[in-house]
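What follows is a single chain, given as structure tokens, in the form predicted on its own.
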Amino acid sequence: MKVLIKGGDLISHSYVGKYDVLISDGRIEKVAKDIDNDNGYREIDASGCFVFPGFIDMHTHLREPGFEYRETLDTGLKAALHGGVTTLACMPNTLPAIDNKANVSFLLGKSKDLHLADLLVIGAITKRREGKELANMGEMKMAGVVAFSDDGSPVTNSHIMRRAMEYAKSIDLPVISHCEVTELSNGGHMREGWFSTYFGIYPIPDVAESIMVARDIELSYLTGERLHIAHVSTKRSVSLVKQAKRDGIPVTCEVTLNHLLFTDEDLFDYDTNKKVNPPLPTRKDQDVLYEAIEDGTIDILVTDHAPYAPHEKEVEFQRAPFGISGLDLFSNMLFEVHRRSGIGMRKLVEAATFVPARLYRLEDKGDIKERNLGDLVIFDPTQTWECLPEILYSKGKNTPFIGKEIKGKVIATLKNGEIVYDAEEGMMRRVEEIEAR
């Protein structure tokens, strides 16, 4: 089947402007200014809309196995498509942890059976994510992982982290580091500064992040291993990454959309749906994050999607867990970053498509060009809608946008040239329909 997308404003690495896109057998066959529909192709009118490559979110927590009351693969992958994300990676902080080939195979097999967004798996660095003994990285690579991380917990033992980097380098996969000095962060709930004092919330100093960033950059220098710094949030961390890149050390980093949209000032209402780790930045730090996206120091954008059950977040601020649910709103949050910061849409889109595809060697993804997979998002920047819990596909309703009017709307998400989410019809590709074939 051939699908023709007409009249959309493409924003991608290869094409920017008004183009038509013809998709055949799941791949982009042609991109041109005006493609005739003389052959009766299925046509989608994208007039007045942006057309993006399917977004790639390399940092999510899908909770399965072990915490299915918070999220399942089914609900998480549907939330991704709702937000315009066609490929996503899940972190290994599940129960049991994703620290062996059996657990990796379970996730990849189940996700393929669901026929929703493409799932990538990040394996644990250490067994049970305890930071004491290296996991079998070689077996997990053979099972299909794309990187290693103990995200949610730092690898505090520098010797173990060194050996992990050496092991990962030998099998040519990157290490993703959760940079946190827990001796400095334990007991804290927001960024240390004027507002933490004013709000009376026990703080976390910014160096709790940057000290560990510095250590892991040095270990990357020592081992030559590709190091990716997760969720950078401070000026000091950005400065360290920038210098490392100048020195030729193989370091990349990411920032979450949450840290680009909220600051420590926004915790005036003690909303637990804004409580994240690392904590929200100061306004000065946020300005540095914006600049780092512009100059390429920050490589990719992620959600750090962290869904929770309502009863876990509906408690006092100090008792609430860290995390924001973000997959349903990926496209909207990216668009809102553009509106607030003035960063060009192409720059932001590339940081959520082309760059992660290149970093993680995802062939045929992350761009709109001939022969790439037909993973596309049609987004209307003029529509508005109210973010209600029942509209979100994720089980996690813990987002600061609940009850707010949202600017812009995903009209359709295409996976391999097939509409899998439609704003009018909802989720088009359901498991029961696949099984009935």
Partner chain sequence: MFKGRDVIDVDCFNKEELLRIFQTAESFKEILSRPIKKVPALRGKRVCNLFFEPSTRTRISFEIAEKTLSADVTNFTASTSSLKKGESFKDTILTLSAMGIDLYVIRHSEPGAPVMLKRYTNAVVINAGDGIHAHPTQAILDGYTVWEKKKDFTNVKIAIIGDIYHSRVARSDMKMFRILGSEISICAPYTLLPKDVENYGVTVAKKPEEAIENADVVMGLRMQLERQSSGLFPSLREYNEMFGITPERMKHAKPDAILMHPGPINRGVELDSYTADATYSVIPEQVTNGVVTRMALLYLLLGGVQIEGTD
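Positions refer to the first chain, counted from 1. Just so it is clear, the model here is predicted, and its values are computed rather than measured.
Absent from the display: the form predicted together with the partner chain. The rest refers to it.
- In terms of contact with the partner chain in the predicted bound form, the residue from Arg319, Arg246, His159, Lys132 that brings a heavy atom within 4.5 Å is Arg319.
- When you look in the predicted bound form, the only residue of Gly152, Pro203, Gly144, Pro250 with a non-hydrogen atom within 4.5 Å of the partner chain is Pro203.
- With the partner omitted here, the stretch from 110-118, 265-273, 160-168, 73-81 that lies within 4.5 Å of the partner chain by heavy atoms in the predicted bound form is 265-273.
- Mapping the unseen interface onto this chain, Leu222 falls outside it, with no heavy atom inside 4.5 Å of the partner chain in the predicted bound form.
- Residue contact with the partner chain in the predicted bound form: Phe199 places a heavy atom within 4.5 Å of it.
- Taking non-hydrogen atoms only, Glu314 approaches the partner chain to within 4.5 angstroms in the predicted bound form.
- Proximity of Glu192 to the partner chain in the predicted bound form: non-hydrogen atoms within 4.5 Å are present.
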